[in-house]
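Quick heads-up: it's one chain on its own, the form predicted alone, in structure tokens.
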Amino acid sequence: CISYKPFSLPEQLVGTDESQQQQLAEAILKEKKTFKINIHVATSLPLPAERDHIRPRIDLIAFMINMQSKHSLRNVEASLSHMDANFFLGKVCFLITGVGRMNHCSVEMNAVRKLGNLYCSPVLFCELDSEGIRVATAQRLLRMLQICAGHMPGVSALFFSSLMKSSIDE
């Protein structure tokens, strides 16, 4: 989960590949920004209820799906059932990794596209093994986080999500 306040923003990264989650979280934290960011990394949802009283508001949830792992897709699908429907109004995205090794894919590309369509959420393809792409993905998530937290005048999370979706569908 990623969030944003002036400024402290919480973001949530959910997925089964903890090493890639950690690398992406580190890349996000290294980026120059004018606000504080809190990143929570989880392998699945729901989050433990005993910490609800101290958990900050979550502004963005990025579900990570590794194309080489059917377990990764099933885990995200199971986690989605624990989400409040309001998050699908622009505060969720799907990060698809492992696309660069298509000959080793266990997950059908159509399955992740359907997931994005079903939940009206953008699907971002990235290869986190490459530092340059990891940095670009971190920058993109930071911009999305600012929008989701309401810190970009004139742009709402829902509007931005619809723009992202339109560009992916074409």
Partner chain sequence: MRRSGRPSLRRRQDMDTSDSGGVTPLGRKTAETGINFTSTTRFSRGLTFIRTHTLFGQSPARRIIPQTCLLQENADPQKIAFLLRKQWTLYSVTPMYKFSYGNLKEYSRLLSAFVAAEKRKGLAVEVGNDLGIKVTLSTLLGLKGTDQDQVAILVQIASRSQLPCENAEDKVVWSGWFCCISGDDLLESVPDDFTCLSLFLANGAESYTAIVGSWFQKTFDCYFSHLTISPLNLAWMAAMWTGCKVDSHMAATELVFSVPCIPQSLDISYAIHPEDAKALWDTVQKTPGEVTQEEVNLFMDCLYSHFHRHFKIHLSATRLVKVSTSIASAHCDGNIKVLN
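Numbering follows the first chain given and starts at 1. Computed from a prediction, not measured in an experiment: that's the story for all the values here.
If you look for the form predicted together with its partner chain, you will not find it shown, but the lines that follow are about it.
Engineer: Heavy atoms within 4.5 Å of its partner chain in the model of the complex: which stretch in 126-134, 99-107, 139-147, 35-43 meets that?
Structural biologist: Result for this chain: 99-107.
Engineer: Determine whether any heavy atom of Asn117 comes within 4.5 Å of a heavy atom of its partner chain in the model of the complex, and answer yes or no.
Structural biologist: Contact with its partner chain, no.
Engineer: Could you tell me if His71 has a non-hydrogen atom within 4.5 Å of its partner chain in the model of the complex?
Structural biologist: Yes, contact at 4.5 Å.
Engineer: With a 4.5 Å heavy atom cut-off, would you call Arg113 a contact of its partner chain in the model of the complex?
Structural biologist: Looking in the model of the complex, residue contacts with its partner chain include Arg113, since a heavy atom lies within 4.5 Å.
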